[in-house]
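Below you will find one chain, with nothing else, as structure tokens; this is the form predicted alone, and questions on how it binds or moves follow later.
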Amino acid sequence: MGKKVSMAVIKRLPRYYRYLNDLLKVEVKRISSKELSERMGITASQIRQDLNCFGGFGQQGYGYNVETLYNEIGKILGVERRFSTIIIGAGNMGNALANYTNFQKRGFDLIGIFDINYNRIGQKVNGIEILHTDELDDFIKKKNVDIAILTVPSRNISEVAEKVVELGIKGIWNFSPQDLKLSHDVVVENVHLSDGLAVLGYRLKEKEENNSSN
């Protein structure tokens, strides 16, 4: 990649990857940008522009070889790499994420779950024993952990994030309502489920208004 690719394009790549995987499951060999656009709800022009950021991969009059495109996008996303991952915060969200079976398929190996609540210590989620956060230091150093998924309250998020970064964590997936902005050389992805609900609410309201005006 010679030029810097926009974050908007990068965030669409996992959708392409997912849809192409679905096509492979039903043994579709090739697909045009028009056909893919109809499945994904993205314009064919947008698909071509996105993929051209990485070299294109299509052939005029043929479209895209589904398996080839799937593998190439997988390489771009780094799915062939393995990342050792821990969850900090074993509440409802932490438990739900720990039980998410697609982590390993996407290259993220969940190897530890931590919490500060002694009532949770020793319990197992998806076969992994919950440890106290006091054990974070030794665990991260010994296991060479790459990524920390944080599902802790907002009031603790900055302190916990700073701690794991100092211990060598390279990436943080933050599910706290508060955005993390760290000065360290660490990759942070902030996730706000409430934002998605707000957008859904807006779209439902818009649909109702359009229906009432017709």
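Each form is matched to the other, and the largest set of C-alpha atoms that superpose within 1.5 Å is called the rigid core. Sequential numbering from 1, following the sequence displayed. Not measured: the values here are computed from a predicted model.
Omitted here: the form predicted together with a further copy of the same chain. The next part is about that form.
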Problem - a further copy of the same chain in the predicted bound form reached by all of I147, I172 and D195, non-hydrogen atom within 4.5 Å - result: yes
Practice task
Considering only heavy atoms, tell me if V191 and a further copy of the same chain come within 4.5 Å of each other in the predicted bound form.
Solution key: yes
Handout entry: Distance check, Q178 to a further copy of the same chain in the predicted bound form, heavy atom within 4.5 Å
Key = yes
Handout entry: in the predicted bound form, K75 touching a further copy of the same chain (heavy atom, 4.5 Å)
Key = yes
Practice task
Using the partner position in the predicted bound form, report whether I157 sits within 4.5 Å of a further copy of the same chain, counting heavy atoms only.
Solution key: no
Fill in the blank from the handout: The listed residue (I31, V186, L69, I42) that reaches within 4.5 Å of a further copy of the same chain in the predicted bound form by any heavy atom is V186
Problem - Partner contacts in the predicted bound form for 106-134 (non-hydrogen atom within 4.5 angstroms of a further copy of the same chain) - result: R106, F108
Handout entry: Displaced residue check between this form and the one not shown: V9, CA, 2 Å or over, core reference
Key = no
Problem - CA of A198, rigid core aligned, shift of 2 Å or more between this form and the one not shown - result: yes
